[in-house]
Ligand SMILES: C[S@@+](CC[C@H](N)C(=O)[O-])C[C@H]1O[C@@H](n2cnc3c(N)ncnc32)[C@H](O)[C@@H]1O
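Okay, here we've got a single chain as structure tokens, the form predicted alone, with questions on binding and movement later.
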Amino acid sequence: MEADRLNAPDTSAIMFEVLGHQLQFAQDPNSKHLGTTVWDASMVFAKFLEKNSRKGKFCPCKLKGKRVLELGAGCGVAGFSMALLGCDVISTDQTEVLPLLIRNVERNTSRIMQANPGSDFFGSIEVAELNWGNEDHIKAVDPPFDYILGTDVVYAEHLLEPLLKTILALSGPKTTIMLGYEIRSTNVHEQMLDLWKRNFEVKTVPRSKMDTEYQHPDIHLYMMTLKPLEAGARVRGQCADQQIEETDAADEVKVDDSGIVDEADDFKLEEAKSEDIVQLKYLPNEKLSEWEARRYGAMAARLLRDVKIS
């Protein structure tokens, strides 16, 4: 994972503007825990919410008071963005990450309250320990939730089943699961989608619904809801063994009223497509934005990792 690290080793905090608020998220680049870094998928998700918050299912009038559980919250970017839209959020992670997460939640909540005294647009956000699969931790947060959120929580094969079991235990019939994910391993990505499709109705957010700057070909946002139990595709605590029907890339893709489209297997992960490659242009009189610098840094790290010297 070090080759894919997106922040410089000496970056202790980032400033990030979302929904008109200037937020600051502390990091701990010297920590060996992945949860102490702000990963780009959380920023893409936050900016997606911002872009789609004026109308539809993500407008504050529809999200006000909705219960949200964030898994693997890390530095807390995604969960805090939901709180800015009026949701009541519980951001969870492992014990080692909680001090930094609490610091970020308290600091940014204070910023919001001082800048907007008396305003009731902000929901609430609290922090709790939740180890995936721990029944006591799951019971303590009082499921089910309206939304379950996770960004960059999938990076290794052994995490897939514990994550699935935890999501199922936290979900109800009307729960929406929202995942932001950067592809780092083709194998893990394919296994993840296969597992999700066995248990959920999976939809993907089109690029047109993302912020024009905060997006990247490797970063995907998914919206999922539980499959009906009678469909036989979901077994709590276990992975169903039935085959997943592949979606024909030539089939018509239906769009719902929120602009989210059905997931279609219209790309092959084994080979990169030409449109997935971002070229760095020489800008003699311009500077890269912070986001562009982060993305190009990630691309350079990946190239260096993949280069083989003969």
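In case it trips you up, residue 1 is the first one in the sequence shown, and so on. What you are looking at is a predicted structure, and each value in this text was computed from that prediction instead of being measured.
Just so you know, the form predicted together with the named molecule exists too; it's not on screen, but the next bit is about it.
- Site check by superimposition: the named molecule, modelled from its position in the model of the complex, clears the backbone and C-beta atoms of this form, with no atom inside 2.4 Å, and the site reads as open.
- The candidate spot formed by Asn52, Lys174 and Met178 lies out of contact with the named molecule in the model of the complex, as no residue has a heavy atom within 4.5 Å of it.
- With the partner removed from view, the residue among Tyr222, Phe122, Trp132, Tyr147 that has a non-hydrogen atom within 4.5 Å of the named molecule in the model of the complex turns out to be Trp132.
- At a distance threshold of 4.5 angstroms between non-hydrogen atoms, Leu159 is in contact with the named molecule in the model of the complex.
- Mapping the unseen interface onto this chain, Ser185 falls outside it, with no heavy atom inside 4.5 Å of the named molecule in the model of the complex.
- Among heavy atoms of Lys64, none comes within 4.5 Å of the named molecule in the model of the complex.
- Under a 4.5 angstroms non-hydrogen atom cutoff, the named molecule in the model of the complex has Gln94 among its neighbouring residues.
- This chain is displayed without the named molecule, yet in the model of the complex the stretch 149-157 from 149-157, 80-88, 200-208, 108-116 comes within 4.5 Å of it by heavy atoms.
- Contacts of stretch 187-204 with the named molecule in the model of the complex, defined by any heavy atom lying within 4.5 Å, are made by none of its residues.
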